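One chain follows as structure tokens, the form predicted on its own.
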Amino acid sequence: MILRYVLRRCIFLVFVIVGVTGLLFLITYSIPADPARVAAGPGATPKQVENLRQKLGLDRPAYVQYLTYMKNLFRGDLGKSTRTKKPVIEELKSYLPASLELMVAAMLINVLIAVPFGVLSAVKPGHLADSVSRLFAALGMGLPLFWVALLAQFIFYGKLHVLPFGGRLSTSLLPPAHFTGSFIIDALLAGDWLLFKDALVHLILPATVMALPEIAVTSRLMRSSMLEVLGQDYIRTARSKGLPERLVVGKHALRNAVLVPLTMVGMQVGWILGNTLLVETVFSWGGLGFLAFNAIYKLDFPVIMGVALVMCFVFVILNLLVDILYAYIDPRILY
């Protein structure tokens, strides 16, 4: 059953990619700007710009450009960056691990904080923990993320001096030998604990900032779901049998209550991916968001397309993993 469901989702991914590329081509073709002019530089003559436009294929009709791009895409060729002249696939390989590292850390922080917070708020409604949770949820959903990032830098770096300003490593350290591209994992594989600690410390602030809006949503969903489950008949039966409250909450209620927030965590992958552009730019993280920001600024359409496709692929795959985990937690769900 699961295997058939995975195969269906993989087939669905092909149609998603076609739709995303078509939409992006429509948007980029409608932008009143000339990427050939930008790529040629401010000192280029009109003749040089026209020659570059022909070389890049930008003089052809939009549908021809799209069909050519799709044909190359299914061969694994995403084109070349008009800014760096490097293959887009090489650019993505360089920047993707940093974004995945940041995104996975943000999702872990979200789950590790929001689920206990939501459970505590549901078990003791109206108490201090519930009031703090509601305040935190309001702030997390209401404050602009870029402002929160700047404020976090000001407090934890500028005033308290406990966390670094940005970047993935201290300037005095060299990156570990490249295995996965994640500095934390590569430092562990190399057995370099100093490098591991430094990479982890640099990850804390941007990952926490990225997770804040999701923590706000997940904790409130967890609270609502937990309150609903705690009012069910089987919970009252478990309590009437004299089971300890920690067992009733931790074993009988939590497993059913976590299903709704888990579904939302899958949807939050898209929001976290969208937030990478802001967070990575503020913290100079050097991931896909940072790459996308520079590509948009320079009208580097091949890189913009590549980043969008990778984000689309990551979103679909992570949602697929969440769906499989959903079925594992609740065996009643069949695909």
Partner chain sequence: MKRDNSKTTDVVRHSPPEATQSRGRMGDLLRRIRITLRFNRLGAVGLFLILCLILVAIFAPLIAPYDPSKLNIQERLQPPSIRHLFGTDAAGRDVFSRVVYGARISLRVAVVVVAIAASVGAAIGMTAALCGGLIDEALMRFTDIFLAFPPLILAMAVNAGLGPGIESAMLAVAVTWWTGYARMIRGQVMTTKNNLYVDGARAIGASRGRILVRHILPNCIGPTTVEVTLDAGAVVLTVAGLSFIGLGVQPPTPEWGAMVSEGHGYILTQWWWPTFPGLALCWMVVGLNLVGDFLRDLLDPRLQGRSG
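Small disclaimer: the values here were computed from a predicted structure and weren't measured. Positions refer to the first chain, counted from 1. The term rigid core refers to the most C-alpha atoms you can superpose between the two forms while keeping them within 1.5 Å.
Keep in mind that the form predicted together with the partner chain is not shown, yet the notes after this line are about it.
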In the predicted complex, the residue from Tyr234, Phe165, Phe74, Phe179 with a non-hydrogen atom within 4.5 Å of the partner chain is Phe165
Of Ile89, Leu243, Ile185, Met264, which residue is found within 4.5 angstroms of the partner chain in the predicted complex when only non-hydrogen atoms are counted?
Met264
Taking the partner chain as it sits in the predicted complex, is Ala105 in contact with it (heavy atom to heavy atom, 4.5 Å or less)?
no
Is it the case that Gly274, even though its partner is missing from this view, gets within 4.5 Å of the partner chain in the predicted complex, heavy atoms only?
yes
Proximity of Tyr63 to the partner chain in the predicted complex, heavy atoms at 4.5 Å:
no
Please tell me whether any heavy atom belonging to Met311 falls inside 4.5 Å of a heavy atom of the partner chain, as the geometry stands in the predicted complex.
yes
Between 219-253 and the partner chain in the predicted complex, list the residues on our side with a heavy atom within 4.5 Å.
none
Note yes or no: does the Cα of Phe25 move by 2 Å or more between this form and the one not shown after the core is superposed?
yes
After superposing the rigid core, is the C-alpha displacement of Leu13 2 Å or more between this form and the one not shown?
yes
